[in-house]
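Okay, here we've got a single chain as structure tokens, the form predicted alone, with questions on binding and movement later.
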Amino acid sequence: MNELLSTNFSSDESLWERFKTGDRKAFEQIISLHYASLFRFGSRYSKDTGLIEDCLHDMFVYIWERRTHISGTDSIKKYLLKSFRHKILLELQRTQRRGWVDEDEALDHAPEQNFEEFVVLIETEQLSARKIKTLIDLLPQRQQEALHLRYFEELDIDTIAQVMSINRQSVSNHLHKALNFLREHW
């Protein structure tokens, strides 16, 4: 097993403190533990894997360079999700300001690709999985984000509120409305 993954840190706080003091192994472990989860989270905002990877890279470089100025945290995952959300939203805004083609517009100009992806989807997924995905895609973005953080990232309501920069009640409302919609249309 990789030496990096077998290193045992007692908690997020101690791993974070080691990272802040310049421990590269601690930093590498943070990346190793959270990269896949952050990538999945980023794919909720963009299908452009290059953009997601660039934002992750930039975020990790930034926190490494600023590590001595970063405050402590009791949850590395929460800190990274919040930072990454901020980074990817900022980058998407910059992309729109530059006048680059929006993803939805690009898909409108490539209907054959959408049809091929749809056929592959039909062949590889079960009917129920397709139906739930279709229903989730009909939800407003914030409800989708709350569902993803709760059920795919397994975060609690308080952590989701901090990541999404909204209050706890708003998270509960987003989840409640989303689940009601899914139940009604199932």
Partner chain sequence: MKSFDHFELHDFLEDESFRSWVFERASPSITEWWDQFPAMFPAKALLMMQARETLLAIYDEPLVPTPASMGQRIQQIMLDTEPGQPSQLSFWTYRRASWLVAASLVLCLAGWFAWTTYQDRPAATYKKLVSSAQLPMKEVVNTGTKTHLVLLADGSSVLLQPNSRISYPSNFNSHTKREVYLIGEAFFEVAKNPHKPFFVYADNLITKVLGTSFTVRAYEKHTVDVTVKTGRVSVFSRSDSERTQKQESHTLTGLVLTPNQRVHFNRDTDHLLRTLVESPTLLDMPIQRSMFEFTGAPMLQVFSSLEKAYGIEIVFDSEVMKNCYLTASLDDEPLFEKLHMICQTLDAEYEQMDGKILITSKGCQ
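Just so it is clear, the model here is predicted, and its values are computed rather than measured. Take the two forms, superpose them, and find the largest set of C-alpha atoms that agree within 1.5 Å; that set is the rigid core. Residue numbers count along the first chain shown, from 1.
Not pictured, yet referred to below: the form predicted in complex with the partner chain.
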- Query: Does the partner chain come within 4.5 Å of a heavy atom in each of D74, L138 and A161 in the predicted bound form?
  - Reply: no
- Message: Using a 4.5 angstroms cut-off on non-hydrogen atoms, would H86 count as touching the partner chain in the predicted bound form?
- Response: no
- Message: Although the partner isn't part of this model, could you tell me whether I70 comes within 4.5 Å of the partner chain in the predicted bound form, counting any heavy atom of the residue?
- Response: no
- May I ask you to check whether R24 falls inside a 4.5 Å heavy atom distance of the partner chain in the predicted bound form? yes
- Query: Even though the partner chain is not shown here, does R142 get within 4.5 Å of it in the predicted bound form, heavy atoms only?
  - Reply: no
- Message: Heavy atom within 4.5 Å of the partner chain in the predicted bound form: which residues of 27-49 meet that condition, in order?
- Response: F27, E28, I31, S32, Y35, A36, F39, R40, S43, R44, S46, K47, T49
- Message: At a 2 Å cut-off on C-alpha positions, does I70 qualify as shifted between the shown form and the other one after fitting the rigid core?
- Response: no
- Using a superposition on the rigid core, decide whether the Cα position of S172 changes by 2 angstroms or more between the shown form and the other one. yes
